Each structure stands twice: as C-alpha cells, then as structure tokens.
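Next up: just one chain, as structure tokens, the form predicted alone.
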C-alpha cells in the first residue's frame, strides 16, 4: 500500500504533506489541529467542538460565513471534532486552491479579531441546540455519557463527551474560548495535507506563502494522563429514558490507538457483531430472537480506548437474557477461538475498509485525511503498509489472548437503559446514574 507523499515543515512548525494525484482535476485541502475534548478541563468542556462552529463564521480578512465563497467556486467542505483532534477540509477545483489556502490560513492566524460576542453567543446557542437534538431528546442519547462517565474518573480527559457539558457551555465566556484558541490553534500544533491535481513545488510554495508568516505560538501543554487501568470491579448502572425497548451496554477499557491489541480487538468486534453472520447477531437476533439489534466496536483513542457491546432487547425479553447470551458467546470465543472462516471474513473486511477509505483524495477518510492522521498521532505520514500489516499478521490465538486480557467480567461496565418507571427491567443490582 504505497501512497507517495512529501513532507515539509515550515519555520513556524506547520507540517505540510503533499500527495500528487493527477487522475482527476480536483485538490483536497485537509488540516488537522492536534486538539480535541481531551485537552479541556473539568468545568471548561466543549470548547474544541465550539470552535469547530466558530471557525466557519469568518475571520479578520473575510468576516462572513466560509461556505458560500468556496461552494460558489465548486468546492465541498466540512469539519469535525473528536476527543483527540479537530479537522477541516475542502475539495476544490485546482483554480480554487489558492482561495481555500487563503481562507484556511486566515482563520488560523486571524480568527480572534473577528470573534465578537454576537458570534460567540450565537454559536453557543447552536451547540446547545445540537446537544438537545443529538443527546437530550434522542432515545438512548445519554447512554454514551453514562458509559464514559463510569469508565473514567471525573478529572480524566475522556470523562466527558466531545460536545461538552450543558452547564459548561452555558458558563463559557468569550475570554475563556479566546485563550483556548491561542493555545491550540497554531501552526506548530497543526498538520496540512494537500492531495490531488497539484505539483509538489506549487503546493509547498502556496502553503509557505499563506501559512509561513503566521506566528508559531507557544507549545501547548501536554495532556498528563496515561491509559487508565482496568476497573477493579464490575459496575452495574441503570438509566431511565423515554424508550420503548430496554437496551444493554457493556464496556471495558481497551488499548489506545495503534497500540498492542488495538487491531486484535477490532477483529474481535467484527467476529462478535460484524454483520448478519457474526456470532452475536446469529445467536441473539436470528436464532434465539432475544434482541432486535446488536453491535460491537473497539473505540480507539490516543490515550486509551474502550471496547463496547450494545444490544437492544426484543419485545418481551429481558436484559438478563441478553447478558447471559453475550457472556456465553464471548467465553466461547476466548476458549475456542474463531474458526478459519471467521478469520478469513474479518481480515477481508478489514482490508476492504482500509482500501475503501483511500479511494478518494479528500473528505473524511480520504488519502489527505489519513496522511494527517498518521502524521498527527504517529509522526509518520507513511504508516499505511504497517497499519494494514497490524491486521494481516493476526492469528487465531491473538484474538483469544486479546479478548481474555481485556474483556473480563470483573472489569466491565454494564448499563441498563430502560423505559421510565420500569426499574424491574434493569439488570439485578444496578444503581441509577445521573447524567445531564
């Protein structure tokens, strides 16, 4: 898997990655800031996600919304924030590359002079409304908050969701978010990838012209947390919600992104719940019909991940039945390992996903995005072959060992999400959890 690129670091610390691909007359502009919700503090959460919104609202030399001029030039664009990074991207015709670089550089270097109280308050209201839509008023919407709240201590940077706490967002002041921007949204904390129909020489010249004069800023403070140890004892929680069917969440601490056993647990999740032939779907949904749906995932993060299994009970069935069936299948995987067909299917699926996201040069998951991901988290944009090799070298015994090491009953969180007022539907010995 060879994605040729060049890497150049400007004097202000900005990494510039260039991948030439002249098959189609488009260019991807992709910028990552190494900042996410893990860089926030208790009581001051939601700032990284808030800036995802604010950075589309105009900067000093273009003090209007960013979508219109780029879309009029034929571009598509978007951005996103997670616990570990914030990214923005545009895919433009070659003749609009200079426009995209100018606008990206202006909001990196000159956002704050255009950040008014009106913009701040308006986008804060937008974020609060987004939180209501995606969490507060959505069935099972608070479950994710309850799970990470149980897995991580209150002062741990993964204790809260990326969108932040409602009270923290409401309490935020303009000076708070200005200081956050000055700390993290600087050239030395960013990586710029350009991919597509542009020469390396032109791309580097334009990046140097527009980003080179920007002040590097001070090094951001390190995040002084390591991956937490597995929980000392099982936690059983319950959450009442406006739902029709009870749902069970199982969660464990798991390896960090690219760490040992990260790829193995990706494949464990696929064996358990990756499609209709997977063990949990076949048993819970098709054969025993005790669940309407089931999913499993290895949620990899920079400091440490978490592995999660989610199953919704079928009408008339209980969460205790789901827990027993899932435990039985998980124990079977640990004791006997996956069969040859499961290994072949999961490896093919992993490779297909890997190649699929590299079919495009831009957007979420394209070549430019993946170059930035490797550069930001590993300092090595050319990690493609070694990333795929993590999966290709996995043996049956590796999945058994990883599942046995990380997915122990004594170190899991069990969350029962039940219809309001029907406490009897929760797993025995579950304790109410307060989320908001």
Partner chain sequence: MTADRSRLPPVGDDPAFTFPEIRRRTLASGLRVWTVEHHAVPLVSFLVLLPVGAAADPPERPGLAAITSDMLDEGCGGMTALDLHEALGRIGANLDTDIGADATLLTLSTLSRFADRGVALLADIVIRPRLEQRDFDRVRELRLNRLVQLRDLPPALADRAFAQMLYPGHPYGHTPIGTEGSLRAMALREIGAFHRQTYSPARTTIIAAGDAPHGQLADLAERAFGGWAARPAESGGPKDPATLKLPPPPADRVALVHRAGSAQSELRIGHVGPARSTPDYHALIVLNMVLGGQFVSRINMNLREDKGYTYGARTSFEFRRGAGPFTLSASVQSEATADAIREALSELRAIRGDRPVTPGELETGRAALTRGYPRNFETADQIARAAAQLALYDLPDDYFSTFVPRVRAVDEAAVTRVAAAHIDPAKLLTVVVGDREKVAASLRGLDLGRVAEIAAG
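As the structure is a computational prediction, the values presented were derived from the model and not from experiment. Residue numbers count along the first chain shown, from 1.
Beyond the structure shown, there is the form predicted in complex with its partner chain, which is absent from this document and is the topic of what follows.
Think of it this way: in the predicted bound form, its partner chain has a heavy atom of just one of 221, 332, 154, 139 within 4.5 Å, and the residue is 139. Checking 321, 240, 98, 168 for any heavy atom within 4.5 Å of its partner chain in the predicted bound form turns up a single hit: 98. Under a 4.5 angstroms non-hydrogen atom cutoff, its partner chain in the predicted bound form has residue 348 among its neighbouring residues. When contacts are judged by a 4.5 Å heavy atom cut-off, residue 57 counts as touching its partner chain in the predicted bound form.
Put simply, residue 102 is close to its partner chain in the predicted bound form: some heavy atom of it is within 4.5 Å. Of the heavy atoms in residue 264, none are within 4.5 Å of its partner chain in the predicted bound form.
Judged against its partner chain in the predicted bound form with a 4.5 angstroms heavy atom cut-off, the residues 106, 123 and 292 are in contact without exception.
The candidate stretches are 143-151, 245-253, 323-331, 184-192, and the one lying within 4.5 Å of its partner chain in the predicted bound form by heavy atoms is 245-253. Interface residues of 40-70, taken as those with a heavy atom within 4.5 Å of its partner chain in the predicted bound form (partner not displayed): 53, 57, 61, 62, 67, 68, 69, in sequence order.
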